[in-house]
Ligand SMILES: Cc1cc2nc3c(=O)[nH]c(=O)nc-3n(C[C@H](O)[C@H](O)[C@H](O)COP(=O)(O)O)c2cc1C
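The chain below stands alone and is given as structure tokens, in the form predicted on its own.
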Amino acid sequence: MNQSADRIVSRLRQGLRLPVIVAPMFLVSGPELVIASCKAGLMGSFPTQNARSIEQLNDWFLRIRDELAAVRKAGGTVGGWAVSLIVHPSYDRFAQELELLQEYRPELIVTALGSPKRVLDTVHSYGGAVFADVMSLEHARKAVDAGVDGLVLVCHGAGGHTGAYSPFAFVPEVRRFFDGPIVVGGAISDGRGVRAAEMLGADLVYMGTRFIACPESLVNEEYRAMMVRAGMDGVVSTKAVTGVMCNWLKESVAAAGLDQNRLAVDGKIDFSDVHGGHKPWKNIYGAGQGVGCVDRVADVAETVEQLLNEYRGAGVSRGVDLPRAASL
């Protein structure tokens, strides 16, 4: 890894108790989850499209910035925060959201569904880092050629938009042509998984599904109850809902009236008016294959303590000598 990549990783891991980004989850992540995650020692994040309007998005940015600043001013330590931004041409709030990023300056911007070139100059102008969500080697190479600072490798088993590749294949192949920061996501739902991702060569880990049932998330009680009931065999992959391959809770898919034949059909990619009542994802709930680790509703602070215990104990029972993370 080159020196600039080392600096980026060091900056993003500053204040973290675990090298974990609470993944930006559609219709799940909001300011409460971001703030609670940062206070607990993880990096919080959310997708900008979760805010119903540009005015609400501005309010969310303001709240996150001010609450985290207050903790730091009082002498506390908090992790940084990140946002995920759709850069697909159909996304109609892109220009307005880019202006807000420049004003509030999140440490990390993760681009999704398009070229990261659209945000590089703006984010780099205030000292932020740009990572690109990628699901294939082709997309990874294009993002690197575009000048991204890092990559988020979305692997098989991830909740929401999911990849097709195992991290055991994806990470080493990407490392052949990219020595910058790598985040790995996909069915990582406990501290042992975080250790495993580090051993593969990841600098940070995306963990989303484990936090969906937390009271700080935006989801309703029906969704939380489904999360607790489900195991990995309660998850189904389909393009029928958003036009992109996603993992969803089978129980919610059945409740929405989608049969198995419909699931084989590709949907249309259209991220205009994401909160419109006609959108098929309104009552279909996303989750990754690591959903079996969610066995109760627990707040973020309690969840992070359990993750820390799992992380510290990984390998001990088998006599494996694992290095401790620099932040611990």
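Small disclaimer: the values here were computed from a predicted structure and weren't measured. So that there is no doubt, residue numbering starts at 1 and follows the sequence shown.
Not on display, but discussed next: the form predicted together with this ligand.
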Can you pick the one in G80, G157, G191, G128 that has a heavy atom within 4.5 Å of this ligand in the predicted bound form?
-> G157
Single option in I212, V148, I182, I109 placed near this ligand in the predicted bound form, where near means a heavy atom within 4.5 Å | I212
For this ligand in the predicted bound form, the stretch among 31-39, 286-294, 62-70, 299-307 with residues bearing a heavy atom within 4.5 Å is 286-294
Does A187 reach this ligand in the predicted bound form, with heavy atoms at most 4.5 Å apart?
-> yes
Considering only heavy atoms, tell me if V235 and this ligand come within 4.5 Å of each other in the predicted bound form.
-> no
Tell me, yes or no, whether Y223 is in contact with this ligand in the predicted bound form, where a contact means a heavy atom of each within 4.5 Å.
-> yes
Given that the partner is absent here, does P116 sit within 4.5 Å of this ligand in the predicted bound form, heavy atoms only?
-> no
Considering only 44-58, what residues come within 4.5 Å of this ligand in the predicted bound form, judged by heavy atoms?
-> P47, Q49
